[in-house]
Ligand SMILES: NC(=O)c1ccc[n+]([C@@H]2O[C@H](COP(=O)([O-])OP(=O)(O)OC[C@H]3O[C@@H](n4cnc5c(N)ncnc54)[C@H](OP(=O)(O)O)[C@@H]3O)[C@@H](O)[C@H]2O)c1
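Below you will find one chain, with nothing else, as structure tokens; this is the form predicted on its own, and questions on how it binds or moves follow later.
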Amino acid sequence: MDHTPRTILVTGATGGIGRAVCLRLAEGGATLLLAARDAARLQSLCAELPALGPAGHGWISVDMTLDASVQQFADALSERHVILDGVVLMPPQDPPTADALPSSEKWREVLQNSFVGPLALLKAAIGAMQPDLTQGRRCKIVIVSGISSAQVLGHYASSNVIRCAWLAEAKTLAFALGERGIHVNTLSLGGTLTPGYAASLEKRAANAGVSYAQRLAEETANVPLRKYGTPQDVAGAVDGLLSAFTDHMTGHNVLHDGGFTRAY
């Protein structure tokens, strides 16, 4: 069994969930390659994370919605001779919308930003993987999605489509890459109390003249666990999907929603 430190690419690294994932993985001994748009925030996060090796963590600035930026990212991977053991892909999400029939122009924008661009980045990352089954070296991909991948939500019309597309792509890649020892699973999130969502919830509570706790209780009344997840909860799930726990799992969609989804 190969016990060399893992090198993991995390996209969306500077966001609320991304930061929690990076901290969890770094504390577990992984070497991280961080990716997001803001170079200054990436550099700052790299400096904050604990690192076991002398080289520390790395970062590459990338905008997944732009083909040219994704190509520059792919070139940087090659130039640095990066070998990846895992990828945490968090594709950009389209804002909530109930428009079930957006214009063709809007659909092209949504598909480019939330699927085509991120998939091109994932393709480059897969090219940097070198699994070795004789040494027990498997590579893991976690694609972070949402519960509309399994249950239609009326106010997430475009996301209903995009997130299902990611599930289908993960299944396709699971078949295509499984023999090489590359695992592809998706993590579909329900309500998650990121700093941004918590601020939004606090504002809605103030507008309604109720306390934050009361508003949170109202919003989570239809969640069996009566709570939203936290970025740290998500980080734990991502860590598990990157671990030996999934050595016999691929093409699987894990719901992380407190039991909200009713479908079998």
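For every residue, the number given is its place in the sequence shown, counted from 1. Worth saying up front: this structure is predicted, and the values here are computed from it rather than measured.
The form predicted in complex with the ligand is left out here; the points below concern that form.
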Just one stretch in 74 to 82, 90 to 98, 129 to 137, 178 to 186 has heavy atoms within 4.5 Å of the ligand in the predicted complex, so which one is it?
90 to 98
Give a yes or no on whether each residue among Gly15, Ala36 and Arg163 has a heavy atom within 4.5 Å of the ligand in the predicted complex.
yes
Could you work out which of Ile141, Ala125, Val144, Ala170 is the residue within 4.5 angstroms of the ligand in the predicted complex, going by heavy atoms?
Val144
Please check if Gln112 has a heavy atom lying within 4.5 Å of any heavy atom of the ligand in the predicted complex.
no
Even though the ligand is not shown here, does Arg215 get within 4.5 Å of it in the predicted complex, heavy atoms only?
no
Is Asp63 close to the ligand in the predicted complex, meaning a heavy atom pair under 4.5 Å apart or at it?
yes
Considering non-hydrogen atoms and a 4.5 Å limit, does the ligand approach Gly117 in the predicted complex?
no
Select from 163 to 197 the residues with a non-hydrogen atom within 4.5 Å of the ligand in the predicted complex and write them out in sequence order.
Arg163, Leu189, Gly190, Gly191, Thr192, Thr194, Tyr197
